[in-house]
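Next up: just one chain, as structure tokens, the form predicted on its own.
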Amino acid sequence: STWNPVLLFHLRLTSFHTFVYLFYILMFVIMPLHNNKTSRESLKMDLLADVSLLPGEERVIDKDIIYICPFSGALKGKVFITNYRLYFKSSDDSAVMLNVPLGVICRVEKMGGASSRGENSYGLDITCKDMRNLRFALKQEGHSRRDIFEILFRYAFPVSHGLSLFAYLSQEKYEENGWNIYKPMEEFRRQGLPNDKWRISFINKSYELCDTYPTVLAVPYKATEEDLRKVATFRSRGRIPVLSWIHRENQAVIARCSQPLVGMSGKRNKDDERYLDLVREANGTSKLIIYDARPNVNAVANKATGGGYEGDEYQNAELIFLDIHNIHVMRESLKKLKDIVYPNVEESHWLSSLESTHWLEHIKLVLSGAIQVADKVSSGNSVVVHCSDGWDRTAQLTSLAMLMLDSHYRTLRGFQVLLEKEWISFGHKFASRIGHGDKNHADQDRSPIFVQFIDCVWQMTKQFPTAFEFNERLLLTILDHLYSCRFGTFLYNCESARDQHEVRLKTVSLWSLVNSSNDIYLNPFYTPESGRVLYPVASMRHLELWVSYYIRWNPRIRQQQQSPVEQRYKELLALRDEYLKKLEELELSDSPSSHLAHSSTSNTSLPAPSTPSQQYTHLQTPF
């Protein structure tokens, strides 16, 4: 019933040893493991803190990785892949970050093998559509790249794996519905249509006449629906000549179509010849100008495949070739440009290297062709524009000419209408040219036709800095989302395909994003001039490489992007707004008997301004 003192001492000693042992385990084994885990988790959270996931965006995998940066060398960090983007942030002091929408990825390849020697020789090579390449290195043990390669390949090319493009998964909401920006009948009415020479036809409402044309078409008043069907049999892909734009004063028009199906035997179609004469008659000009965007030799060669061009049998018409090369030449030209600008620009042979790409030469030819179209229409001649199928070079020429002729298209919303009308509704093959979600990077249909058009627009904004309501940021945003697959705007090849895939119902428009925060896309130097026709100088001496797009991934270039003049002007505008706000506050706080009211009423030479903005107009400012 009583404890032996010696036994009690041994039990206490054992308990003390057990306590010390457990304390040791807790302090030196469990706590460090917990701390390491916590530090890893906090690091992960720190790396994630910079990126906010979009509604509908989900994280798929994260992995420790080494980014082989062409400017800073090998950088350790963590990569996160979601169903929309690849996000990398370095874990060291360099704070290098990548935020790449998966739609931008053109190609994913494995670099090195399990037995590869050399530091950072095992990993992934990623080729992007936006003028950059990415390289990541991983540990060679245990096939460490297999999971990330398979996930990246699957989510970067969802169409090739039977998955939905991210635009269908996005749950973004905006104040404005961008799908309402373009309504064909409203745009025709703005141009003064229909009238006694041109009518609106709904013959294509079910895409039966032409599956790559919009449902609403403007055609000559005298042309019957049966005439349209007969002409469609003689035009490539059924893309008949239809009106794109009409000059309000002289009633000259820009019409667009595809090549006639003349073939090697020199076939004729009386209905097509008569139809083009109706286009000419609509504004009473003696001669219809037909601009064929192709080089003459290419147009002749197209006869071998059943195509061709309008010959002497088209009376009262003049055919002019514009010598703009095809999609394959443009693809190779941009590839050469990428080779000389990424990752580094070779200073010693820069001008000769740039010349060897022929990129600016192609820009010159496209602009020059559009200037000719705009000049003819401005002087009262109706024109018809086509290339082979009428959805690449034709879209470049008609939209640029309309931009030169019509100041409405130079506004922020007007430019959106122009893109929706001439590019999206008239069937530029965005899916084929860009390859949205498609793993076939070597597809011969890929080509930077739309990029080239936006470059031409940028050239015009440089030559006419006050003529455009939108700024360079809008053009960059458009090109970024051309690839991103975040919005439905540029998906698929034509309207019929978009209707079939319910793009307007199931995806968000890019214009929803733009018009919900349009301040950042406005040009502070914009001066509206409604009647002004713009004729840019299309000579090599006046054209520039668009550095802030093609070389923007170079950190040295990125630091120089902001124009100091534009920045200062924005600061002055912000200062003006601040003063106006203070004036409003003063007006609200002052009583009728205050000194401000007294001074304004006592001064009989100037009437008292009733609002702060009116007060502001009396201030003399240097700008």
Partner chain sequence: MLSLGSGGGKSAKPSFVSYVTPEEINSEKDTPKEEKHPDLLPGEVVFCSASTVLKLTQDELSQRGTFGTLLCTNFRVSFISDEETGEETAPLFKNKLYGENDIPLSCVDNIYGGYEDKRKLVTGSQVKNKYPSKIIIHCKDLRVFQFALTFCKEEDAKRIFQGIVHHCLEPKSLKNIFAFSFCENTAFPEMQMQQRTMMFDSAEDWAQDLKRTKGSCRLVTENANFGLSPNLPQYFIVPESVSEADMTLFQGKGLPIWCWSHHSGCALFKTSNLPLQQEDNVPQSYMEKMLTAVAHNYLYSVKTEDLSDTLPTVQDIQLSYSKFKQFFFIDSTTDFWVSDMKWFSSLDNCGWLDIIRQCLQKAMEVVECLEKENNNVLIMEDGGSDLCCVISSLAQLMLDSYYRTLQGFQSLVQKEWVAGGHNFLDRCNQLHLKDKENVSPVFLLFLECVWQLLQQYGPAFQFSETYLTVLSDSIHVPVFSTFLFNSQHHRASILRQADSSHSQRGTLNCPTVWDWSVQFDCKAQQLFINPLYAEKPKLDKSMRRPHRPKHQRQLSLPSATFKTPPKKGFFKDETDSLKKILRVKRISRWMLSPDSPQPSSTSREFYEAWQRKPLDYHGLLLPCLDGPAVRIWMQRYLRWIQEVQIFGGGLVTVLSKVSDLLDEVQELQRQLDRHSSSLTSNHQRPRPRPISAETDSRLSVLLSSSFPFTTLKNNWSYKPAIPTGLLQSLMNSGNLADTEDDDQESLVRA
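Between two forms, the rigid core is defined as the largest C-alpha subset superposing within 1.5 Å. Numbering follows the first chain given and starts at 1. Note that the coordinates shown come from a computational prediction; the quantities given were computed from them, not determined experimentally.
The same protein also exists as the form predicted together with the partner chain; that form is not shown, yet it is the one meant from here on.
Might Lys287 be said to contact the partner chain in the predicted complex, defining contact as any heavy atom within 4.5 Å?
Yes, Lys287 sits close enough to the partner chain in the predicted complex that at least one of its heavy atoms falls within 4.5 Å.
In the predicted complex, Arg59 touching the partner chain (heavy atom, 4.5 Å)
So Arg59 does not count as contacting the partner chain.
Interface membership of Leu580, the partner chain in the predicted complex, 4.5 Å heavy atom rule:
Taking the distances in the predicted complex, the answer for Leu580 is yes, it comes within 4.5 Å of the partner chain.
Hey, in the predicted complex, is Glu310 touching the partner chain, heavy atoms inside 4.5 Å?
Contact with the partner chain, yes.
May I ask you to choose, among Lys270, Lys173, Arg248, Arg541, the residue with a heavy atom within 4.5 Å of the partner chain in the predicted complex?
For this set of options, the contacting one is Arg541.
If the cut-off is 4.5 angstroms on heavy atoms, which of these, Asn133, Ser164, Thr527, Asn440, is the one near the partner chain in the predicted complex?
Selected option: Thr527.
Has each of Val108, Arg117 and Lys336 got a heavy atom lying within 4.5 angstroms of the partner chain in the predicted complex?
No.
Quick one: find which of 485 to 493, 354 to 362, 218 to 226, 240 to 248 has residues within 4.5 Å of the partner chain in the predicted complex by heavy atom distance.
Within 4.5 Å of the partner lies stretch 354 to 362.
Once both forms sit on the same rigid core, is the C-alpha displacement of Asp62 at or above 2 Å between the shown form and the other one?
Moves: no, less than 2 Å.
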